[in-house]
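Heads up, the chain below is alone and in the form predicted on its own; it's given as structure tokens.
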Amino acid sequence: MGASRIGVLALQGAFAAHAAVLRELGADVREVRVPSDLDGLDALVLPGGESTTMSRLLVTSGLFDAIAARLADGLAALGTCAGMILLAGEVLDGRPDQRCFGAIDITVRRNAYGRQVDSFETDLAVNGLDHPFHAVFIRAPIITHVGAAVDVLAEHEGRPVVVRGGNVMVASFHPELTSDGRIHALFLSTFQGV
């Protein structure tokens, strides 16, 4: 079997950093900007950025419905920070016109860890990783509810920050901003059977 074909949503946010990590792990990476970019993908990464802006750009680019259909068909997805908000089942404090995919049974609150000046870094124990992962939290969302079919893989101060439901995995922080590719590798293992 060849390299996994991973799309990285490239409308706004830290998509280039995700693409670099995935290429280092041997994935065949494609930036996704229009619906046809989804063709033939094994998985999609939704990066951090600004979730309301990303939501609007997904609609105006024609990508929202195309991604929603692929997710409903079982496309694997990784969402980090704003990407987690987009994949969530419910967003508590989003704009009235903000849409989310409902791809994983969690409820999130945007920017709940605070403003940009409240950003922080910490080491997390993550199920499936052999030693702590250094996590970078920037205007991070908080998961306020986790559905019964969702596994919590890591917590910070008693709150879930990495969860997985089926082949959808999300993180409150930015794993792409470190030199450690283990969160991405853990995601790849969810649909590659590794």
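Just so it is clear, the structure is predicted and the values come from calculations on it, not from any experiment. Numbering starts at 1 and runs along the sequence shown.
Unshown form predicted together with glutamine; subsequent notes refer to it.
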Seminar exercise, completed: Among 122-130, 31-39, 158-166, 135-143, the stretch whose residues bring a heavy atom within 4.5 Å of glutamine in the model of the complex is 135-143
For this session: Consider His184 of the chain shown here, and say whether it contacts glutamine in the model of the complex, taking contact as heavy atoms within 4.5 Å.
Result: no
Exercise. Using 4.5 Å between non-hydrogen atoms, is Ala77 touching glutamine in the model of the complex?
Worked result: no
Exercise. Wondering, does Arg110 line up within 4.5 Å of glutamine in the model of the complex on heavy atoms?
Worked result: yes
Problem set entry | Residues within 4.5 Å of glutamine in the model of the complex, restricted to 54-85 and counted by heavy atom | Cys81, Ala82, Ile85
